Every structure is written in structure tokens, then in C-alpha cells.
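Below you will find one chain, with nothing else, as C-alpha cells; this is the form predicted alone, and questions on how it binds or moves follow later.
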């Protein structure tokens, strides 16, 4: 299909386009020069008085794998309340609000104008399941990150200070699982959890029975990531998540990021790791201290992990925290152990406006986004479904763009939380350009895909969102409801050159890709022989059955890296 989008207000930060009225031409799934379009055959979309942006990219959203699937089972009643009917042959049916099924996940992202999502935490042993569900998600391009922080084979290499063996094992893991990058969750905690311990493990505490700390894991894997030239920095869930006073641990963790002018460490859902105080009674915000450090150091980026009020489903490979949360929530809990690799927990939770802690959490997420000066190093997430469903992004965008909206919310929150928060004193309001940065351009750059994703320059993938907003007529601070309405239902979403959403409705499917990193030189045979012996010691599965073939991915897109 050939498409010409005419006269839209284009926001394309990677090409420094800030609201200019331009035409965007599409041919064969790519952005091209307008002169290459055959106007007699092309579909003409009049975007006059509309906003045109690249497709959105969610860098951290739990959308696939056994943990997510268990969450769907735990919240079975919601699948009766929230659904989308099949419209054969244009779309399939789907169900679920907080943990939507695979089809509905793709459709709801596309309706908002998002075209790519990253599943951020897949145990290597379970990644075949993750890919099966990623294959099933329509429209969106995908990638997944593998959990490595408590892998027993890896920790043995680290404990022996065998850098080369550690690097070779990471290389093999990425190739075997067809994954895009590395995820650390509360490093080392799953090891202690197997002994009934682990809650509150700090970054400099020893991980028994090894003679290493979480900080050692972070430092070594950051070094290996650089040597392997992986496109995405280490994706880190800091230690002591959800514990009062944990901002001090986060600050210590930030100092493990290798010094550079580019980002070498990404701290994910930072809101959950930005608490001051030493108890729930005197909990406060550590956002000013943390963002001051981020602002002074270009080697760090964050995503906010914003909560919203109502039901959520918390799920993380931080099993001790989930077990503790279960005793606070007193609802449901599922614990999952993955042999020799990880431990996870799942707890549904309801965030309440009048709850001191919940209201302060809401404030802290927005504080982080507004206090980090460089929008290229902060990204919008809800840690779906932990803080809120990803469908709350339009509301979060409006809160960042409108101080008036934030002030209206303060009247509904716990009064003590508002007094303790920094948010009421923050006047900053995001522009549409900055929204395009934090939801499109910055995630693409952080993933190392900014040559084809997150922009509308010639040669980019033709992933485009058109919103019913006129920046010349709307005061975004006052009319924040128009912002929510527009980003909730894109006027058009174009994926790989195909119109998949029109007037807010999913009308089509589109070919999607799964990105993963690959290496032109495989691990040496001597290493593989050693690894086979290690597998016999640590796994009940044969090494040959652990490896995922490229044919098991729906539309595989390898990114070859050096090192």
C-alpha cells in the first residue's frame, strides 16, 4: 500500500521536527520521499489540524509468558467484564482488562497509536512460552529481555571471577533464547528465596552461599554488555523494591553504572524504588535526590512505573516482596519458582486515593517524570500490570501536560500524602514534543533501534499515529480531557505501511516482527562441552531442548551485534 499523509502537525524528535506542517509518504512499509508516491494509486489521508507522530514504543510491559498467563487465570472474572468481539476476517476476539489476552493486548495498544512493546522479564527456561504468546500478539513489533541475575550457572562463573566464561554464557543464553537483552530483578534475591530469605537484600549485601553481592552482578554484567556490544543497556529492577527508605539503595545502585556520555544502565519502574522514611507511617519521597543524580549523570535512564487508582495485578521476579505484599493485601497470591534461574510472585492489589502510601506513590511517579530535565532519559510506563494497565497512558500523558489536572487530583487524595509530596510545587508541563520524546523517540534510541523505529524520516518503518488534536487551537493545560480522548483512540494507526486503526477502531491486522540479538560467531565447542555438564547438574531439561529455533518465532528479525 502507498499512503500520503497530508498537512499534519508532525512531531518527530529524532529528526528535530517540532509541530511543523508536513506530508509523510509511505511505500512498501517504509517512510519514503513524497516524490516516490503514485498519487493515482495512493491512499490520501488529510491530517489537517491533526497531530502526526511515530508509533508509540512501550519499553517495559509484562504482556507475555507464564507469569502473565497465571495472572490471567487469577483474574478470571475480569474476562467476563472487558472484551472485544471478533470481526472476521479483520480481527480476532479478546478479553481482559488488567491482564488482557494476547489478541486484545495488540488491539488496545494499536488503538492508542502504539506499535511496539518489550516484554521485560522472561526466565530463559520459560522463554519458549514467552515467544509463543508474543507470536500471538497482533500488529505490534516485539522483543523480550531475559532474567539472568539469579541464574546458578552464571553466579558460579561470577563467584570464580571467570569473566570469559561469564561472557560466553551470556552470549549463549541470548542466542539460545532469541532474546534482545538482559534483565536484572533485585539481583540475587531468588537465590536467597530458595532458602526462605531475601526480603530486603541490599545492593552491597552478600548473596549466600556465594562470595558476591548484587552490586558485583550489576558491575560485571554492565561490562559484559559493553563488550558484547548489546544495543540495549542493562535493564535493572533495583534491590529493596517497595520498602520505605529504598531510595538510598537506589542511589547506591546508580553509582554502579559505568561512566559514559551515553546511557549504560536503565533503572526500571523507579517509582517503586524512590521511597524515603523508615516505615509505612513516615514514608516520604526520595524523588528529588534521585532525579538530581540522574540530571548530573548522562549514563543513566529511567522509566517511571506510574500507578493509577483502582485494581492492578502486581507480578515480578522479586518473590519475597510479592509474598510480603500478599500479607498486606490479603487477597490472592501465587508463587512461581523456575529451576536454577528465578522466582516470581503474583498478587492482585487495589490502589486507593485515600490511602497514604498509594497516594504518595501516585505523586512520586509523576515527580520523577517532571524532575528529570532531559526527556530523552525518562520514559512513561506503568510497569503493566503492576502499577496500572497500559491503557492508562492517555491519562498519564494528560497529567504530565496539565498542572491544572494534577491540582484537581490533589483534592481527591489523602491530605498527608499531598503535604509530603514534591509534586504540588512543580510547575513544569510537558509539551507535545516532549510527549513524543518519552513515548517514541527515547525508547527507540534506548533500544538501539532508532535507525528504523521512533521517527518519521526516510527509511524508517512506516509506523505512524495520527491524533485528533489541533495544537494551534487547544490549550493542553486547560483542556486536558481532549488530550485523554485523543490519545485513548488514535484517529489512525499505521503499522508497517498498513492502516490498522481508523477512527479509533481496529480494522485490520499487520505483519509484526520479533527482534532479537544474534552473533555471527557461535560459542566455542569447548565451552559447549562444559555447559552440557553444568546443565546435568542444574537442570532437569536437556540442553538441546532448551534452545529455541528461529522458526519458533513468528516473524524473526535478528539484530547482529559485535564482540
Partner chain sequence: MGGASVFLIKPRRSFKVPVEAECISPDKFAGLNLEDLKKLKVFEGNRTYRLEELFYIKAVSKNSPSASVKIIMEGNFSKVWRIGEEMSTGEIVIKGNVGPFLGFRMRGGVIIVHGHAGPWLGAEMRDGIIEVHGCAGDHVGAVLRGERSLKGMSGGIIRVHGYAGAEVGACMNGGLIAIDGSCKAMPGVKMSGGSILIRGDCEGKAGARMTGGKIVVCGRVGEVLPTFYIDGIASSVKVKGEKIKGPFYLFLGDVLGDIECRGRLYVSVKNNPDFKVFESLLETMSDDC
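Residue numbers count along the first chain shown, from 1. All figures in this text were calculated on a predicted structure; none of them were measured in a lab.
Keep in mind the form predicted together with its partner chain is missing from the figure; the text below concerns it.
- A residue is said to contact a partner when one of its heavy atoms sits within 4.5 Å of a partner heavy atom; residue 77 meets this definition for its partner chain in the model of the complex.
- Contact check for residue 160: every heavy atom lies farther than 4.5 Å from its partner chain in the model of the complex.
- Residue contact check for residue 419: none of its heavy atoms lie within 4.5 Å of its partner chain in the model of the complex.
- Using a 4.5 angstroms limit between non-hydrogen atoms, residue 87 is distant from its partner chain in the model of the complex.
- With the partner omitted from this view, the residue of 354, 255, 350, 373 that lies near its partner chain in the model of the complex is 350 [heavy atom within 4.5 Å].
- The listed set 197, 332, 262, 415 contains one residue whose heavy atoms approach its partner chain in the model of the complex to within 4.5 Å, identified as 332.
- Residues within 4.5 angstroms of its partner chain in the model of the complex, judged by any non-hydrogen atom, belong to 78-86 and to none of the other stretches in 106-114, 78-86, 188-196, 123-131.
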